[in-house]
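Just the one chain here, laid out as structure tokens, in the form predicted alone.
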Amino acid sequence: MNIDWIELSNFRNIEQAQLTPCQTLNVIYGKNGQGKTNLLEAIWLLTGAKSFRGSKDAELIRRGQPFSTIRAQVQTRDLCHNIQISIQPAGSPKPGRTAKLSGAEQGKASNLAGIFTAVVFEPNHLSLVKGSPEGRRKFVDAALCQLYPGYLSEYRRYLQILTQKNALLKHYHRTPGAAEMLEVFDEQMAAAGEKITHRRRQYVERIAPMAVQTYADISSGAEQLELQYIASFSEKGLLEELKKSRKEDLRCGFCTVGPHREDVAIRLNGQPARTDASQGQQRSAVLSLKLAEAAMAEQVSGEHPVMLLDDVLSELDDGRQAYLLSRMQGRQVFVSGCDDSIFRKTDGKLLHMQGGVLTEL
């Protein structure tokens, strides 16, 4: 999996940029606020996913411009794909992110899921360990959407049922036939939700050994990482749990059980990493998860995803920098940072970003 070339037009602070990356290490360096992360963000959007920074589509368009475009040629196995993503503001004929694949209209950019895969790490991903369960669920869901395109439809189906059920719970006592409707929603929710939980649990169980080994390598065996998916229902099934929680759901006015309430437990030496791990340990845990995500993608698809590392090396000691770079060999990697001295002795391509202008050295 690699990118042959990519072109940006009016993307954030980048008016125009063209890049023909090398097939191994590509280093984008420059001062803060110059557009390094913007370039990585554009590459990530080729997966069909939303911005990894949580930005709205309209924020991706260069100020004062009517739209933004990203064009790229990517290689997947023996196939060559030309991807074009157009980003238009609300009120436009085609608002949001739309896509073309080798000239054919795809509709929403999310329909590209599974064509091009990438794994991204950026400083805010520390919230994967120390943040709320929602962030950990999103990590698993985003990975599953890239590996199994059908998962996105399953997940949307579950969210649709959940939204309908919550609306009913909120107005339960004013809705004729509410009890019968709730029975139907619970049956539908159980069928859809069990599929989601099964996929997530299976994914976590498969990446856990890889993440554990990576963390052991990073820490030289000094600490033990543990991962466990925490489902909201037992072997009796989700429907049984939904029936048990009905009284509480009616009291709260929303559904308190299901995949939308589940979590991934991350522990170090048996203790919750969220509260007991240091900043450095949390960073190492996230890196272990991300490298395991990439390894899992390679197992499923037969190709290693493109790696996007945003300002990750600056906070690692020399040993951990060397370890991380050694894991990147033989793969296409894009790394951003303020200091290029770390990479001067590598064979990678050096690119300077200043004021949204990309220059190859």
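Since the structure is predicted, the reported quantities are computational estimates derived from the model, not experimental observations. Residue positions are given as counts along the sequence shown, with the first one as 1.
Only in words, not in the display: the form predicted in complex with a small molecule, which the text now covers.
Exactly one listed residue, out of S68, Q34, T47, N26, brings a non-hydrogen atom to within 4.5 Å of the small molecule in the predicted complex: Q34. For the marked spot (T117, K138 and L147), a heavy atom within 4.5 Å of the small molecule in the predicted complex is absent from each of the three residues. In the predicted complex, the small molecule lies farther than 4.5 Å from every heavy atom of R327. Using a 4.5 angstroms limit between non-hydrogen atoms, C338 touches the small molecule in the predicted complex. The small molecule is not shown here, and in the predicted complex it never comes within 4.5 Å of any heavy atom of L313. In the predicted complex, the small molecule lies within 4.5 Å of some heavy atom of R62.
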